[in-house]
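As structure tokens, one chain now follows by itself in the form predicted on its own.
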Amino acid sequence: MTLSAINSEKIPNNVHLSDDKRLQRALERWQPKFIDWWKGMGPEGFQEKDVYLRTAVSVDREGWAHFDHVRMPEYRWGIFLSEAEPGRKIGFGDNHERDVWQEVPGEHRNALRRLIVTQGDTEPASVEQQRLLGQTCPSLYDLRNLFQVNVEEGRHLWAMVYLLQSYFGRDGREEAEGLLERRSGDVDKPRILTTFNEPIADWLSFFMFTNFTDKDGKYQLLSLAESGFDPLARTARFMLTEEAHHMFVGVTGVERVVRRACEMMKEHDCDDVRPYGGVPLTLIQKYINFWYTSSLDLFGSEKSSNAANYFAAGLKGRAWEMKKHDEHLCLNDYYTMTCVEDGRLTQEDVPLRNAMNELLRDNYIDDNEKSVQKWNREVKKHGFDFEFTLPSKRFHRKVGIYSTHRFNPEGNLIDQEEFNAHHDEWLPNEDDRVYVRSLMKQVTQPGQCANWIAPPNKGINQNPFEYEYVKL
């Protein structure tokens, strides 16, 4: 399909949507419902503003990153799958080396639908969580980045809805409706995963979310990109190209908060920058502890029969399954896991297939260490003796084998009383959150930045920081 043909479609796509009139009509009926949801639950107060956005209009280098000012409700959300790989085989599990599926195998229908719906539900959830942040943006640059993240989450929702409507019949159409009916934080109809019901009331939380929680999305997509259901694998691969920007927003956003705190510490010869309107390094650490551990929960339980079944069936592999692993059956290997037994920590060998969630979580942890190192380099550059750390993966967990026990950030087993005594030392309390929210004052003059965060090192798409990224 040519670029001009893609752009002429009511729903931009590279899946030859016009050849399937039934599917096209179904998606065109869903489209106005999506727009209504976007106007009601998307960024509040900016729907009529021109925003400098990157729009995907194809999957090749020429078309996947087209920049222009556009109003968000008029953004060209589309359906794009990475190019098909001729002769592709299932790369792991009991169906290893068999042809990938172009249609949903009947015996895996429910499992695949569950995977797609769970992934799809996270996309509108994050838009809902972030809908009020524009009212307290620290700069036009940040405002534009927020909206770029939002519209791409909307496109990722379209990607999952396409799979549901195309391959799951009436069930898929009902699930697509449900994705627009649940609401982040709603008591009666919350989003599926707990982290996506957490409020994001300040920009420090937004940066933590885009670093830690969107990075979970990266690893979920990497595992789905290996799927034997080829349309899902191809969809996930293209989504990964857009997801990278979300994590860039997170890691550089936190880095800029750290930089500004260090500048204030040096200027005023102090450790606590609250009197000067900054975010103390110790408070940033508490936000790290909260959002990192909440995101760890998104991988599921450490010992999981569902994960084993997904791997065995060829539905969800390890990250970089074909690139980083030589053996793809995982029938005779074990993962040594730290567990709690009789009030003490013990080691247990778990069949590798049952530890697939934990393997993916380990990849995620290693990736996050790189973010922390980046923030620590910023601190050292200013000459301060302070280091951010990731807490133990046992700390502050609400899902999995550690959720019924209490641990300190080093991963040592403690009782509830000790945890309560140190809670405000380890995690943000209400006073912390109120203070951070008090810093959130909207700054919309081009080239200006809020006092609590440093400006970025460079602008977007070779434009300067002073560029009018959102026309107000």
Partner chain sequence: MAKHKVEKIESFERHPKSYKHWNLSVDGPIASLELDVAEDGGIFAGYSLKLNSYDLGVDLELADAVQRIRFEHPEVSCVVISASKDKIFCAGANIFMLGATSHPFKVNFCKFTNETRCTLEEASRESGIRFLCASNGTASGGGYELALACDEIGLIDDGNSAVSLPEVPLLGVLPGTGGLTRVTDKRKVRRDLADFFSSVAEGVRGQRAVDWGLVDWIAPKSTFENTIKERANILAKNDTHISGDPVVLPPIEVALDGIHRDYQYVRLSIDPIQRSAKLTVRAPLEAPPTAGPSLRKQGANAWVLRAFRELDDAILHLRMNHLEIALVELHTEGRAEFVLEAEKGMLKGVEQGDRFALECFLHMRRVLKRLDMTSKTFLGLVTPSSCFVGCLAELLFLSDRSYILDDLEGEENSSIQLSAFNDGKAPMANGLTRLETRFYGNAKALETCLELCQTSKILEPEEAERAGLVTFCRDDIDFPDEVRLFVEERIAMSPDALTGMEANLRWPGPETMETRIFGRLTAWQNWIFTRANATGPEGALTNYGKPTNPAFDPRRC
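Because the structure is predicted, anything quoted here is derived from the model rather than measured. Numbering follows the first chain given and starts at 1.
What comes next is about the form predicted together with the partner chain, which is not displayed.
S.K.: Identify, from the list 300, 105, 190, 351, the residue with a heavy atom within 4.5 Å of the partner chain in the model of the complex.
M.R.: The residue from 300, 105, 190, 351 that makes the contact is 105.
S.K.: Which residue, 383, 275, 169, 199, has a heavy atom that falls within 4.5 Å of the partner chain in the model of the complex?
M.R.: Partner contact (heavy atom, 4.5 Å) among the options: 169.
S.K.: Quick check for you: of 105-113, 200-208, 280-288, 134-142, which stretch puts a non-hydrogen atom within 4.5 Å of the partner chain in the model of the complex?
M.R.: Stretch 105-113 is the one.
S.K.: Evaluate residue 173 for contact with the partner chain in the model of the complex, applying a 4.5 angstroms cut-off between non-hydrogen atoms, and reply yes or no.
M.R.: Yes, contact at 4.5 Å.
S.K.: Taking any heavy atom pair closer than or equal to 4.5 Å as contact, tell me whether residue 22 reaches the partner chain in the model of the complex.
M.R.: Yes, residue 22 lies within 4.5 Å of the partner chain in the model of the complex.
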